[in-house]
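Quick setup: one chain, the form predicted alone, written in structure tokens, and binding and motion questions come after.
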Amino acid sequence: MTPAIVVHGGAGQVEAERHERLRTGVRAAAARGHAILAAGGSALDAVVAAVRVLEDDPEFNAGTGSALTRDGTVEADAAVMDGATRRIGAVAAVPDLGEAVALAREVLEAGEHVLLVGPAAWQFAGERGFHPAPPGALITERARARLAGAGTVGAVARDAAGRFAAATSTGGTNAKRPGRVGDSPLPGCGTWADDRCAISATGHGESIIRAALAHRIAVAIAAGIGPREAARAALAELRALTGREAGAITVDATGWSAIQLSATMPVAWVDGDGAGDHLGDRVP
């Protein structure tokens, strides 16, 4: 099967002067993940590598550049899911965590739990060789100013063996309450992968949770609906239910889609037809 990877940099309203920087970032992330796939690596390895690129890029709301809580701190959420086994690892509301997707991968590999939350997650992180970022190191001036922009990053991939994986990472919403957990680390909400597809969602987290957006798309794909049509229907349902905005990237055995309700969602991909990127394919 032809490998493919799709990466998103969050759905939202983004200032025009940031557009090219966002496109550059998602292109770099897609290229990093595809290099792993092209070398015969797994979809799981590819999505984690792609998301790590975006966590280190201050243009995106994950890792460096994360949105701040109302106390002016960073609390990270992330999840990774292996479609072949349906194993998932996730972390949520972990303070000063700059590589949340990598820690989520460690939770998956440990196999003891699915989701670790809050400061106590640092006990496990320390056992795995992670260290908190110095206070303030993940905070950018744009985050301090609480400007609107793209939020959450994610990647979905299909490897040469036909396996699927998804990864999502976020700093959450601006001025959130400390301890708030969004959709990204919740299976079936912001992140999902199974033996047919992988999905990473972005947008208004509470609405994505209410709509169980990622799983809703996966159920439609299992019923024989293509990824674009499945995502379009699920997003329409979310909008009817909540009136809020969201987006999703999806890959299955037949192809992939990237579609959103918001004005922009930076996306990049590499598949059998080559590489590309855009600022979103908006649902009317």
Ligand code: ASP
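Residue positions are given as counts along the sequence shown, with the first one as 1. Quick caveat, the model's predicted, so the values are computed rather than measured.
The protein also exists as the form predicted together with this ligand; that form is not presented, and the subsequent description refers to it.
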{"property": "Contact label in the predicted complex: residue 182 to this ligand, heavy atom within 4.5 Å", "result": "yes"}
{"property": "Residue 191 within 4.5 Å of this ligand in the predicted complex, heavy atoms", "result": "no"}
{"property": "Residue 204 within 4.5 Å of this ligand in the predicted complex, heavy atoms", "result": "yes"}
{"property": "Any non-hydrogen atom of residue 170 within 4.5 angstroms of this ligand in the predicted complex", "result": "yes"}
{"property": "Partner-facing stretch of 109-117, 88-96, 134-142, 183-191, counted where any non-hydrogen atom is within 4.5 angstroms of this ligand in the predicted complex", "result": "183-191"}
